[in-house]
Each structure stands twice: as C-alpha cells, then as structure tokens.
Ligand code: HEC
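One chain is shown next in structure tokens, namely the form predicted alone.
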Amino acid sequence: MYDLAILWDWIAFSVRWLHVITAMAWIGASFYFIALDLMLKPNKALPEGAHGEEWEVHGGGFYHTVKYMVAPAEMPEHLTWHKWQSYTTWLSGAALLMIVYWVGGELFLLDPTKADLALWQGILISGGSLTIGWLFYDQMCKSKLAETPTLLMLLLFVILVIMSWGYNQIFTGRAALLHLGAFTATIMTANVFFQIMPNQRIVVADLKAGRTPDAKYGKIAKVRSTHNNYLTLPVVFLMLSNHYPLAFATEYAWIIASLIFLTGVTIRHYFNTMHATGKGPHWTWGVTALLMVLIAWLSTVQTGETWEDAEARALTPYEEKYVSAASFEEAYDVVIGNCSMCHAREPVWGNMQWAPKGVYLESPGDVARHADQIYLQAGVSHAMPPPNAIQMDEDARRTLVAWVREVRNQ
C-alpha cells in the first residue's frame, strides 16, 4: 500500500525531532562553556595551575567552577566528557539529509532548470562535498595560518561563499542552503571528533601516567571550540531556512546564505565581549541590522523560472509517470482550483509575494513533481489548503489520494 509514505513521513519527523533535541543540547553546552571561559576571574587562593574561577547561581543552588589552563595535578575520580551532543547532532542530521534529500531527491534535491543530473550524481555530490570543507579547513588550521586567526577565519568565509554559490548551481534552493549548513556542521563536528577530543585524551593519558601535560593540546582545542562558537548561529539559520522561501527561493539565495555568516560573527562578538568584559560593543547590533536589511532586499529580487518556462520544460521521468496516469487530469483540476492561487510564481492571494515554501503548482510538471507532498498535505491530511482560504471538499481530497495511489501501486 502507498500508505507506507505516511510511515516514512513519520520516520522523517522523528529523526528531525531527535536532531533538534540534540542540537539544542550541543549548542547550549557550547555557548555555556564559551561564556564560562570568558567570565573566569583570577584568585590568588586557587590551587596551583588553576587559571580562574566563576561562581554561579541556578536552580536554587550555587556552583563554584575552577578552570585549570592545562590540567590539575592529578586525575580526578570523576570526569564528564562533552562529546555525544555533537556526535548525535551530526549523525541525526546526516540521517535526516539522507531521508529527505536522497530518498526524496527527485523532488527536494535536484533542480532540472539548473543542472541536468541523474539522482545518483546528485547524491554523490551531496555526500562527497560535505568532506571538502573539513579537509581544507583542517589543513589551514595546521599551517602557519593558525598564527593569524583573523586571516584564517576570512579564508574559511571565502570557502563558505564558494560552496554557497556552487550548491546553488546544482541543487534546489532548499537543498543548497541546507547543504551549506550541513557542510559547516561537518566542520564543527569534525573539530570535536578529530581535534578537540583526541587532544583531551592525550592530556588525560599524561595525567594517568604521572606526566605533566603539554599546554599546546589545550590551546588547539580552545581555538577549534572558538571557531565552532562563531559558526553556530549561521548553521541554525540555514537549517531553518527551508521553511522560508524568501531565504532559499530567490535569485540571490547564495549571497543571503553567505551574509548570514557575517551576522553570526557580529552577534557572537557582542556576547563574547560582554562575557569577558561585562559590556558588549553596541556597534555590532548596528552592523547586524544593516546586514539583515541587505538580506531582506536581496530576497525581493526574483528573476527565476516563469510560468511559460515551466510549461515549455520537458518532463522528467518521475513527472512523466504521474502526468500519464489516467486520473491525472481530474487531480490536476483539483490542484488548480484549490492550490495554485497561492502556489504560483505570481500568487494572487492577498498580499502574498512568494509561493509558500517556494512550491509552485501551476503546470502539469509542477503538480506531478510535488505529488508526494500533495498526497500528504492535501490528501490524507487537511494541512492544505488553509481552511480560512478555501474549503476543499472530501471528494476533491479523495481524488488526489486516488491519483497518487494509482501511480505508486502500479
């Protein structure tokens, strides 16, 4: 039965839920430790080797934290490692990417108006590209560039801009921004897995063996953690962007994605400085506001595929099998009568400027391409159309269900 599509959608939802929960844990821990590190205060009464301390109050109790710049004199009996938040976030994100953009690649991954690629080629580019950033970044961090952190960050930004443009030349707008987020998140998790954790294990091994740990390992881990701190907010934006067509479904989406990394730097610079000195530089908010105004303006520039282009474009094999179904004409009439006033390249509903989530339902190819989503959103559920817009009757919904099931059950 084609209702396996419903089960698959629930699997995707469950993995997304896990991804969001673990991301919250990772981001929360990351922000907390960066803030804690910046708020540490010196105290002459601290043990030898201690760098600073911080007193905090939370949940009805007081916490006293002491940081050792290298390591304490001996190995503590209990040591908590902060690593699984990062690993589980990346693994659940990778699983979600495979579910949505690989299994659902014919709809969500490839844009036939940009590049004529087979699905397997798109999947190969999708998976293979995620490692490129880490390899370049890691080599830069191990080179003399590490001695000039500002230049290092600028070069990383250049790599991100290039990848943003490159993804946009191949993938759908949704997939392009999502992959840029995954590209960046891969760098962040690889920092934890390949650098931060191994270096901390070396320090722990030295303590257990009675050796004095080398301070360089802690410095390396701190540099990578700081980079992760500045990359976090842009990654969150990119992961949320697939819900907002003004971010992903516009001509200059790749520039919007690039500028978001600058806002991440300005926002985090304010809070990091505030944690360290008690007062943040207010100019960062002005710069952030200007960047967001520029981003909003860029989102209004639209010169993409027209309705005439969509009509003239040859159908893909995936679209062809839905268009050729005996029940397609009836289903197409239902979609045109209930959905296309909003899901159009020039929406006619109210003050709507762009189609919701960038989904167009005008030409036969448009409707066929989004068959699965139509089935789930307007067939087996009543998510679409919004009840305050159009009251779609049950016969119309049954028509959509029958059309998709006819194709899938062949």
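Everything quoted here is computed from the prediction, not taken from an experiment. Numbering starts at 1 and runs along the sequence shown.
Keep in mind the form predicted in complex with ligand HEC is missing from the figure; the text below concerns it.
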* Indicate whether ligand HEC has at least one heavy atom within 4.5 Å of a heavy atom of residue 31 in the predicted bound form. => no
* Asked: How about residue 338: is it within 4.5 Å of ligand HEC in the predicted bound form, going by heavy atoms?
  -> yes
* Asked: So in the predicted bound form, does any heavy atom of residue 353 sit within 4.5 Å of ligand HEC?
  -> no
* Are any of the heavy atoms in residue 65 no more than 4.5 Å from a heavy atom of ligand HEC in the predicted bound form? -> no
* To do: Assess the spot marked by 343, 357 and 392: is ligand HEC within 4.5 Å of a heavy atom from every one of these residues in the predicted bound form?
  => yes
* Structure fact -> TL;DR on 38-46, 23-31, 52-60, 368-376: the one with heavy atoms within 4.5 Å of ligand HEC in the predicted bound form is 368-376
